[in-house]
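This document contains two forms of one protein chain, each encoded as structure tokens and listed individually as structure 1 and structure 2.
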Structure 1
């Protein structure tokens, strides 16, 4: 087991080291992309905790992302809060929203759970539009550059933005790694695999699922709040249904139930669209075909397929 643990930590710390170095090696354009991808990967990691590990397929995670984004954004724009306090508030908003949704939605399971979360997210999206006088609805608002200063660092600077995104990503990755390797993480997986049996073993499925969902919401909220602060824009499109499906795609592409899968999926999806739109005007077609090919030949995602073919230790 210790050999496995070494390999696991080596791999993840290696990935983090590579990302840290990437800022100095990569051209500005790709470094900028990577900053954005890391933030979105945190969102996808949160989704993965609910879906990949605990088996909760939510179609409403945009609500948690949106709660983080608007929780932070509204406080900065309307109440004049500083970036640090607003960031914390955004993260809390994501978790609180997940708690509220979970208390209701976790009474259902399977497809009903998908639809209930979808509905709650849709209601959240419409609420943002309803308060257009404050939120500017779909048009969104700009977070003032002066307000985007965290602990004295100006987040609108490329290098600082990269390291802020990296810090968030690294923290999220390590916490997640520790989480899934902890006893609680095994209980989450047990819940996915066989809820009845875990109940008989004395676990309370509702509380475990709720806890997983809240952690997932905190991740999504953190990603949302960070996105708004790093890129200066808060808009309703981030709370729409597309942004609920996005992390699902990332996770399924990279490999559900793997720690690095969401990041890999986010990188792939980003460059798939970016490169395809450079080659052809019909880039949606390329993306569609690529998805079909991937799902046909690696239905468990890329890391899922690797895990099946030998890398059994992959967390």
Structure 2
């Protein structure tokens, strides 16, 4: 293992070790927040694979998150499925939805791609509202505590919930780290940097982008299914445009095209909103000012700026 690889793995394993220890030292309130943040960070990781590494700016990721959320929730609430099977189905739903959207949306590019994905997401959101007798619309579905048992563990308990969120986050982080350092990961970056040159080298941009979008959808579906299972609620608001914007904000803040950027962005954005809302009702104004400062002084995000200023090995 080279010196660079040693640094990379040491950093990421160190972050995981710190998160594992956090459960034992943080107050219950912050441990609960961190569990929620880790699940949302998995969602943002998926968005980062599409946007940060492949250059696909999607405004439709709430559709993939919602597919995982409702794919799990409706099977548990309406079909009586167990948590494990419903979780797998939710993950598959996110990937399948990304595949279906990608086959159509990737016929466009740039701003057109962004608009088409937004339209798909809005169609999904309105579908949830239209079929309220099944989805329960804005009211949402409350997952019974008895149904939130996975492999004998009660996910409604705070400690179990934290470690389940940690397990999901750790798996997603390590898989993503391996992915972006693999030959396929290098090709994704090549597509982002110069699609025409990549085509001349023999790579099919449509297939590479579609594969990246499906992986992104699997991450989003996993986060959605896990969120509903861990926190016991499935609602239409999670499929709204707000949840397409959130992962974009997380990634821009932490650093697009970095493995840890989505997690750092999710932590900072979550607590920025939490602290600002305790001071003023105009907390979104505070968030907007913070993002404006970021765009002006660190347009590549925090970790992107650190990589440009010395930490060249940061993936």
Partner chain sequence: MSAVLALTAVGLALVFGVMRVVNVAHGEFFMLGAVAAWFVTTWIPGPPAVGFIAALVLCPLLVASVAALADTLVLKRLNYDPDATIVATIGLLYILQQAALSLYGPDARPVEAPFTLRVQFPWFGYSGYKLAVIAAAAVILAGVWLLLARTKIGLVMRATQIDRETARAFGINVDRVYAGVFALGAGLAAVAAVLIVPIQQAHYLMGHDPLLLSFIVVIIGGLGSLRGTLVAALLIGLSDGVISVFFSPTLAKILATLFVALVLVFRPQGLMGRRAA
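For clarity, a rigid core is taken as the largest C-alpha set superposing within 1.5 Å between two forms. Keep in mind that this is a model prediction, so the values were computed, not measured. Positions refer to the first chain, counted from 1.
Asker: I need to confirm something. Of structure 1 and structure 2, which is the form predicted on its own?
Answerer: Number 2 is right.
Asker: Given a core-based superposition, decide whether the C-alpha of residue 28 shifts by 2 Å or more between structure 1 and structure 2.
Answerer: For residue 28, whose C-alpha is compared between structure 1 and structure 2 after core superposition, the shift is less than 2 Å.
Asker: Determine, in Å, the CA shift of residue 281 between structure 1 and structure 2 after the rigid core is used for superposition.
Answerer: Value for residue 281 between structure 1 and structure 2: 3.2 Å of C-alpha shift.
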